[in-house]
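The chain below stands alone and is given in structure tokens; this is the form predicted on its own.
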């Protein structure tokens, strides 16, 4: 509350900032029609993976003055995805760390004098009234926009839409090449599973950022239980594991997180949730269970899509495998 009051207290000065001197245009956002700068110069991003990273990828890093981020174990802040895919960090840019999830420093944002704030509809609604006092604030309805629609909206707001269009065309060519190499993707089932032993469940993922986008765009099928869920994932109790078996199973490890830093640690996590899991899953029994690094394929990014494309192509295309009995 203290921060909210402080941010509001300096509004007078901010309203005389760069936005009043800029040409604006209407932009349809989750929070209504917003007048945004035609050529923003000082953007604040309220989410690293889905807003900051695309701006970095499309060549607009210099426009970002502040970003949400995360903390490593030693409390060093980082921009997830941008660090791993582009070696872009708070240390080697002028981007200011604004805080972690739901702890964004509004006073710090106000001090940066942004001319545009981009956040996520649903996640940032509670702070919207205060953000709007600082600068035009766009909340993107990412569920409605979808994977590519969200990236396109960020590119549009950042004035870098041509670069989005170029990379989207390249991605479409990659998918076409995948379909040439695997002409029958609908006959191959792939599941994305992740064990969470501390909570005693396995997540069966219908949506998993770039990885699931590539699988869907190529046209692979999913186990029925996953295909039918309405949410992005299903937290399953162990007895449902056979229901999500598939021709191939992908799971991920994450070097930044304790107990998830390697394929062996993820295998151990599966074993903790379901002892003998590998005998339950035919994909595992036949060496068709694949463990890949998470963040490179878990981002709103064309580089992430390319990484996912290469991983799936390498492990699935042009190889013999034992199909799951129908």
Partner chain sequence: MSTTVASRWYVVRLFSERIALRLPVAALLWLAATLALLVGIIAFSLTVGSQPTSLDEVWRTLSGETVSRTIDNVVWEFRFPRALAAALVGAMFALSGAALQNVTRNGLADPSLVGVSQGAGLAVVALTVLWPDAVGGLRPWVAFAGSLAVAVLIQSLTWTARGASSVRFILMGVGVAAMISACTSVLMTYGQIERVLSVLTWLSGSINAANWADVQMLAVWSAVLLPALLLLSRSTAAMRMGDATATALGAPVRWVRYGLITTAVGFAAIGTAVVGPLGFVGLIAPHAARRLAPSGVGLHLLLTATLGAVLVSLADLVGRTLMAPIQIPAGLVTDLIGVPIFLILLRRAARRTAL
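Positions refer to the first chain, counted from 1. Quantities reported herein were computed from a predicted structural model and do not represent experimental measurements.
Heads up, the form predicted in complex with its partner chain isn't pictured, but that's what we're talking about next.
Every residue of the trio 97, 111 and 130 has some heavy atom no more than 4.5 Å from its partner chain in the predicted complex. The stretch in contact with its partner chain in the predicted complex, judged by heavy atoms within 4.5 Å, is 119-127, chosen from 80-88, 240-248, 174-182, 119-127. For residue 187, no non-hydrogen atom is located within 4.5 Å of its partner chain in the predicted complex, even though that partner is not displayed.
Remark: residue 198 does not count among the residues lining its partner chain in the predicted complex, judged by a heavy atom distance of 4.5 Å or less. When its partner chain is considered in the predicted complex, residue 106 lines it closely, a heavy atom lying within 4.5 Å. Although the partner is absent here, residue 102 sits close enough that one of its heavy atoms falls within 4.5 Å of its partner chain in the predicted complex.
A heavy atom within 4.5 Å of its partner chain in the predicted complex is found for one listed residue only; from 155, 134, 192, 215, this is 134. The partner is absent here, but in the predicted complex a heavy atom of 143, alone among 72, 165, 228, 143, sits within 4.5 Å of its partner chain.
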